[in-house]
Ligand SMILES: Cc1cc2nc3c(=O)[nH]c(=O)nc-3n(C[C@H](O)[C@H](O)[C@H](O)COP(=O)(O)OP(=O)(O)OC[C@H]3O[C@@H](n4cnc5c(N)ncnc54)[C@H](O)[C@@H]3O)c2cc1C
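This document opens with one chain alone, in structure tokens, the form predicted alone.
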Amino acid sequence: MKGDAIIVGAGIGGLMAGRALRADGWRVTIYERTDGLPRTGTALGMWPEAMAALDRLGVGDAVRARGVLQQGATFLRPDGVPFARVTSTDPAYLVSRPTLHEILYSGALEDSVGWDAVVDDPTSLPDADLVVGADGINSRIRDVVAGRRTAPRPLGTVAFRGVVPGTVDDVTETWGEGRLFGITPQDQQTINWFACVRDDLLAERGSTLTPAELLTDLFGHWHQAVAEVVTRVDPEQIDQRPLYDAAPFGSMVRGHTVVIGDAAHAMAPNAGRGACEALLDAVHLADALRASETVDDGLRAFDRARRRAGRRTVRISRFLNRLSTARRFTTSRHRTMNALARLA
């Protein structure tokens, strides 16, 4: 099955879907509200399933060449003592968001993306055989698919993200009362860092502190690796934003319209699966359409394959967000995470 496809959103899911559909002979047009590929961004984890999806489109080796191999993560207390370790027999890769965007775009979609193209009214889109909503957590295409106005759910936590110069070999997350601080490699010269803090803990600090002052207040007295990263953070490059996920809304499909990635199942970042799920959505969508005689049949097959998987990952990510930022029973949560790590 092939024809004319419109994709709204040139994020990771939209670019992957565009690349996959074009490889199958679809004529693809992508509408993107920004003016170009992202120039900054933090590291994304590419789990083995995501690497397999990238390999199927011939770009897995490019990610391996420009990413950083990782095979586990260590979870620490604020004093630096480990309480859990996750290891994987299959390699995963960390790659910066701008690098992944560039890899997915280059050599396939240069003539397909319309930049500065805002789609506030999905009914204004041209006729097409297929419309793919890859327009993120505030998706307007999701409203069309759901048949009603939808809104993300607040998680009650705030994320801080950024990068600093330097190198680290391991992925670590340090969990304290109501907050966590993560450190990962991004490339051979850059460290990726992220923090997650409960709303109520931030409220206790008041509204007068800058993001950099908050980081120092919350994490500057933690173990040496965290404290050193905090001292090197550029105050002008801190990305601070409240966290949300997607409430379930039924099928990912309505008519010839489908939503993928964050538009379908935006999730807390704590499981490190958001980008992976978008890549898997895109490949499964192309596979289902290729194997079907009609778009309707293909979209129904895609929905059966991906709806439950997406919702399950949303639930897991929400649970980990709450577990990692709990303010009470921290010893119990360390035991819980250690038990989960042994199952991973």
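Position 1 is the first residue in the sequence shown; the rest follow in order. Every value quoted in this text rests on a predicted model; they were computed, and no experiment measured them.
There is another form of this protein, the form predicted together with the named molecule, and it is not shown here; the text below is about that form.
A single residue from the set 113, 246, 144, 119 has any heavy atom within 4.5 angstroms of the named molecule in the predicted bound form; that residue is 119. The single contact residue among 223, 198, 256, 140, judged by any heavy atom lying within 4.5 Å of the named molecule in the predicted bound form, is 140. Stretch-level contact analysis of 261-269, 145-153, 214-222, 72-80 against the named molecule in the predicted bound form, using heavy atoms and a 4.5 Å limit, identifies 261-269. Using a 4.5 angstroms threshold between heavy atoms, residue 312 stays clear of the named molecule in the predicted bound form. Heavy atoms of residue 179 never reach within 4.5 Å of the named molecule in the predicted bound form, leaving it off the interface.
Although the partner is absent here, residue 44 lies within 4.5 Å of the named molecule in the predicted bound form, judged by heavy atoms. Contact annotation for residue 191: none of its heavy atoms lies within 4.5 Å of the named molecule in the predicted bound form. Counting a residue when any of its non-hydrogen atoms is within 4.5 Å of the named molecule in the predicted bound form, the hits in 126-155 run 134, 135, 136, 140.
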